[in-house]
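Next up: a single chain in structure tokens, the form predicted on its own.
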């Protein structure tokens, strides 16, 4: 049965299926991976074998291959587990892509605690912080599969290197009936009065759930921040409307969206209080289910509600 565009599908499948639709019309589009497996990927490889490269477990080499092929006129997309393709290739991303201004697009699956039970080797909890330092690199953190499809459509034509952090698990559809302005970089999903939660990725749906449960106590806004770099200056205009802002993310508190926004608040002298709800250094590394690790880091719903009520 063919999947509908707004159906609840994995972000990974949304990426591969959408890229396939473009690749079958453009032989210059190349997908490069490292022994990844997925039904959507099997379909891509079977139908477009000349536009797929399995480079094996060689992440640094993969970035180099993609950069070289891009220079020769191809349009290269990399697909890998996020923690591997980022942590192992910082030098290649810095020199081969950013320094040389090569528009390779990296789609990493497994952001945050997506691969929870596999442990710290598979956790991508510092990718935003690492890549925010890379000049000229765009960073996306989609909250559902519909945004992923839009990012692919944009990326096919983009002339800038980019990184898209995708969740491994199914994400609640947020944009089924909502219009997406990808270039805007954020969507105000719910207007608030007292305070606002700015969230990114899969955890956006948790922010919406929390505000619903707190509706008796506070009128809380929710902003889905899906383009982290460059940050849209118009977001600062939204922040002026709130006395208190909570950033919510499944990422290290250092270097995440909380850090990014706090820098902009300070630089623009905004009279806004910002509180970060993110992973703390002393509880960052560990094993267990995603729910267990979130609770350990106080980013489960119960903990988030307590933090917001305490800092209203």
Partner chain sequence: MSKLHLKKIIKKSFTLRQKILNIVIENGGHLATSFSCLDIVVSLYYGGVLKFRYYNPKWSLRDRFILSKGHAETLLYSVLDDLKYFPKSWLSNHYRSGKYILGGHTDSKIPGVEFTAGALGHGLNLACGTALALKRRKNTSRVFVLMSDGECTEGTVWEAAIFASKHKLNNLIAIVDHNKMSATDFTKNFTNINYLEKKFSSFGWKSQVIDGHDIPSLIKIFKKAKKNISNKPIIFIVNTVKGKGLKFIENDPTRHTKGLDEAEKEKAKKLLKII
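Positions refer to the first chain, counted from 1. Being a predicted model, the structure only gives us computed values, none of them experimental.
Quick note: we don't show the form predicted together with its partner chain, though the next part is all about it.
Participant: If the cut-off is 4.5 angstroms on heavy atoms, which of these, 187, 162, 92, 80, is the one near its partner chain in the predicted complex?
Facilitator: The residue from 187, 162, 92, 80 that makes the contact is 92.
Participant: Tell me, which of 55, 284, 38, 254 has a heavy atom within 4.5 angstroms of its partner chain in the predicted complex?
Facilitator: By the 4.5 Å heavy-atom cutoff, the listed residue in contact is 55.
Participant: Although its partner chain is absent from this view, report whether residue 244 comes within 4.5 Å of it in the predicted complex, heavy atoms only.
Facilitator: Judged by the heavy-atom cut-off of 4.5 Å, residue 244 is well away from its partner chain in the predicted complex.
Participant: I'd like to check something about residue 176: if you look in the predicted complex, is any of its heavy atoms closer than or equal to 4.5 Å to a heavy atom of its partner chain?
Facilitator: Result no; residue 176 lies far from its partner chain in the predicted complex.
Participant: Please run the contact check for residue 260 against its partner chain in the predicted complex: heavy atoms, 4.5 angstroms, yes or no?
Facilitator: Outside the cut-off, so no.
Participant: Decide whether residue 71 counts as a contact residue for its partner chain in the predicted complex under a heavy atom distance cut-off of 4.5 Å.
Facilitator: Yes, residue 71 sits close enough to its partner chain in the predicted complex that at least one of its heavy atoms falls within 4.5 Å.
Participant: Please identify, from 260-268, 62-70, 39-47, 245-253, the stretch that has a heavy atom within 4.5 Å of its partner chain in the predicted complex.
Facilitator: Of the options given, it is 62-70.
Participant: If you look in the predicted complex, which residues in 174-211 sit within 4.5 Å of its partner chain (heavy atoms)?
Facilitator: The stretch 174-211, when checked against its partner chain in the predicted complex, contributes no residue at the 4.5 Å heavy-atom cut-off.
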